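Both blocks below hold the same protein chain, though in two forms, and each is given as structure tokens: structure 1 and structure 2.
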Structure 1
């Protein structure tokens, strides 16, 4: 497949770097201000070296990447809320050209799921978005294989930054501000960690899960989620939990009652108490009990593997 990649951050760059290993060719790579386009195939290394040295990937305009001759548009620009732009516009452009779309950007399927599906229904292209929920973890493909009708609920830990902070607070008896600073020094937390520590990132992932499980019967957006973060959680709460053999994790839940994200007491050594940056999703099924999917929920190469697995699933145009 010929790929046009919108977004040259950690995920977009990793997709570009790994594409050849999956027998795909990158013909366009764009960041917010520039693009490199070559119908014969980009020299990815050169484009990324230029991004590092000059802050641009090439001399073309991002619109040139959207207009290029590709089979699959990989949407890896930063997630935005409300109208989900510019990512949604990129999706629209590709589908109106009867091209496939693979999303790493959560915005279009968390905030405008029905719009995306409507565009897809009128297009010769398809939309896949495994990478939007759980990085490298095969969460959505598990639903697809198992059948959404056979899954009654989902819950789990869906943000590695928050999980790292809570793990360290519990293990070392440290307060939130101390561990946040440590996470930022290690590159685990962003300079502005709001999306992660206030539960927004986990909620977006849960909203996407809810949309997939609803199968078009209802559309969920972030406004439908009940969200509570961890920034006000005192270290003493974790100490008290430990005395009872429990700990606290930021848990996202998708049930018949809706979408909820917040700090919850869980058994200290349970599956939903992973340590560090690991994520887990638990599915409750009608006939097979509880099914766990766990792994690395973020990271450039990790998320890129989910993007490229989606590309491999797409039919030829």
Structure 2
């Protein structure tokens, strides 16, 4: 497939770097103010070197990337709330041109799920978005394989940055600001890390899960989520929890009662207390008990593998 990649941050760059290994070709790569477009296939390395050296990926304009001849638009610009722009506009443009869309950007499917589905229904292209929930973990494909009708609830750790901060604070007694800077250095934190520590990123993922599980019967947005972050959590709360064999994790829940995210006491060493940037989603199923999906929920190459797995799932145009 020919890929046009909008967004040249950690995820967009990794998709560009790994595309050839998955037998796909990058014909355009854009960041917010520049683009490199080549119908014959880009030399990805040169575009990324240019970004490092000069702050631009090439001499073209982002609009040239949107206008280029691609099969799949990979939308990896930063997640934005409310109207989800500019990501939503990129999705619209691609679908109106009957091209496929693969999203790493959560905004369009968290804030405008019904609009995206309506555009898709009028298009010859499809929209896939595995990378928006849990990085490398096959969360949405597990729902697809298991059947949304057979899943009654989902719960888990869906933000690597917050989990890294909580597990480092508990293990090392480090303070919050110090650990956040470490998470940013790892490249897992959002462009705006308040999304991570205030629970917004985890809530967006839960909203996407809720939309997928609802199968169009109801639309969820961030406004439907009850959200509490970890930025006010004192280190002493972790110490107290530890005395009882417990710890604290930022847990997201999708149940019949709606979407909730907040710090919760969980048993130390339990499945829902992963360490570092690891994530876990637990599905409650109708007839088969609990199903766990865990792994790396953040990071450039990790999230890029989910994007490229989606590209491999798309039918030929």
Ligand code: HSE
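Positions refer to the first chain, counted from 1. For clarity, a rigid core is taken as the largest C-alpha set superposing within 1.5 Å between two forms. Note that the structure is predicted; figures quoted are calculated from it, not measured.
Inset, instruction - Eyeball the pair and call it: which is the form predicted on its own? - result: Answer to the question: structure 1 is the form predicted on its own, whereas structure 2 comes from elsewhere.
Legend entry - CA of residue 96, rigid core aligned, shift of 2 Å or more between structure 1 and structure 2: No, the C-alpha moves less than 2 Å.
Inset, instruction - Determine, after fitting the two forms on their core, whether residue 144 shows a C-alpha shift of 2 Å or more between structure 1 and structure 2. - result: No, because once the rigid core is superposed, the C-alpha of residue 144 moves less than 2 Å between structure 1 and structure 2.
Legend entry - Backbone CA shift between structure 1 and structure 2, residue 173, after core fitting (angstrom): Residue shift at the C-alpha: 3.6 Å.
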